[in-house]
Ligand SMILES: C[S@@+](CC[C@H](N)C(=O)[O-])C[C@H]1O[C@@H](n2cnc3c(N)ncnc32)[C@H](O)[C@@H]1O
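This document starts with one chain, in the form predicted on its own, laid out as structure tokens.
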Amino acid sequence: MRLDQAKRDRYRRIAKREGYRSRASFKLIQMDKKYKLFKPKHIVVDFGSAPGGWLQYLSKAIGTEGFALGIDLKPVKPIAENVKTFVTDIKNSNIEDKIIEMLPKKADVVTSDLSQSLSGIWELDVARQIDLTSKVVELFPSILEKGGSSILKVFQGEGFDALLDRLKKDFKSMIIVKPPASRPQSSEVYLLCRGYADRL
């Protein structure tokens, strides 16, 4: 077994033991442990939430007085009273209204682990993934609190630098993060942005 395979299997075993629905939970756990992203009472919107691994962790991190809203093309089985989900496409024209309707206020943090089914054509897969993430960014003026934060999965490739430049203008700080739970050979990274400045 290769080292990266053994690493993936280790996170799967831990996820199963600790009751998480996905090994991807540990990407968010590791980022939060290092960068202190979530606090009790936080409002969070999570894109690409199925099967619910990130929402499971968020539910604990934000506490009973917080609220997390999960959005995905696939349904997510119920998690806790402080978590709601709905099924839609990030490209749907009514998604903004639906999110606003379900949130008690604008989000303190927006998370996104969005990725489409991979075609195997690298340039196409990168372009599609960055487009999905860009759709999330377009929603920030309506759903993210001024001064808020975001954590966004992005594939590195064409369009990556343009997205970085855009986020650098919208946030006070932005860093590129690759948590240990990410596969070393994967091109995915996470953009951790803090201090949202709503310019609209």
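Quick caveat: nothing in here was measured; it's all calculated off a predicted structure. In this text, residue numbers run from 1 along the sequence as written.
Not pictured, yet referred to below: the form predicted in complex with the named molecule.
- Interface residue among Ile130, Val83, Ile99, Leu114, judged by heavy atoms within 4.5 Å of the named molecule in the model of the complex: Leu114.
- At least one heavy atom of Ser22 is located within 4.5 Å of the named molecule in the model of the complex.
- Contact annotation: Gly159 falls outside 4.5 Å of the named molecule in the model of the complex, judged by heavy atom distances.
- Heavy atoms of Pro51 reach within 4.5 Å of the named molecule in the model of the complex, making it an interface residue.
- Contact annotation for Lys153: at least one heavy atom lies within 4.5 Å of the named molecule in the model of the complex.
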